[in-house]
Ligand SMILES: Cc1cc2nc3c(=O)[nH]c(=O)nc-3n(C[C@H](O)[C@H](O)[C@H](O)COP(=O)(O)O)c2cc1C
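Here we start with a single chain on its own, the form predicted on its own, put down as structure tokens.
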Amino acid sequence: MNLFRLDASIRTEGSVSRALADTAEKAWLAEHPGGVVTRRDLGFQPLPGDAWTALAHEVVNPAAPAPAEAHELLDRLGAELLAADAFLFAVPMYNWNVPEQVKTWIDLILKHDQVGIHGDQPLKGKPALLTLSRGGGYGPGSPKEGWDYATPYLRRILADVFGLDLQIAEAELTHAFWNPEMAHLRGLAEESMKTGHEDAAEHGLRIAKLSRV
């Protein structure tokens, strides 16, 4: 069995999205001790920003084809997804949206002839988990309610465009652990973190069982 894991945080120590994903991966591996985890770490190895531009430009200007390296990169990215039985995406929210490196990855994948917007959803129905971290609080009644643009966008891409059977484990108010101005929210942050890890373990087990089918 093959679990594809994508990380996007620019941090290793203290990264909540990575920690949640670690919990989910541990649950998945407990069910598939001989399983393979294919990793792509966009936080430490971001993709070249000009690859999508070159691939998009050749569509409108066939006389100026994209470099072979751009096509080879797109093929590798697509092959990683096509080879997977289950998926784990660990994404922090930066500036109220997805990190730039995640947007670059998505833009490239959407150009893939099978997985992308012109493909036939070869990933449809496969189990996936998205672990999300948010520094603030964005729920109903919060001062920044409606400012979370990352979650709905990722749900649209992963569930609706790719067709994945998507679950989400999330933790928010994570800045309360280090920001003195948010000290009064640390109790809520701890509760959110605990729930996030519980959900990550539960959903990690779920996608492990579904990827066996």
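Values in this document were obtained by computation on a predicted structure and should not be read as measured data. One rule holds for the numbers: they count along the sequence shown, beginning at 1.
Beyond the structure shown, there is the form predicted together with this ligand, which is absent from this document and is the topic of what follows.
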Taking any heavy atom pair closer than or equal to 4.5 Å as contact, tell me whether Lys111 reaches this ligand in the predicted complex. no
In the predicted complex, is there a heavy atom of this ligand that lies within 4.5 Å of any heavy atom of Arg40, even though the partner is absent here? no
Consider Met93 of the chain shown here, and say whether it contacts this ligand in the predicted complex, taking contact as heavy atoms within 4.5 Å. yes
Hey, in the predicted complex, is Gly135 touching this ligand, heavy atoms inside 4.5 Å? yes
Using a 4.5 Å heavy atom cut-off, which stretch among 168 to 176, 155 to 163, 41 to 49, 27 to 35 contacts this ligand in the predicted complex? 168 to 176
Out of 4 to 25, which residues reach within 4.5 Å of this ligand in the predicted complex, heavy atoms considered? Ser9, Ile10, Arg11, Gly14, Ser15, Val16, Ser17, Arg18
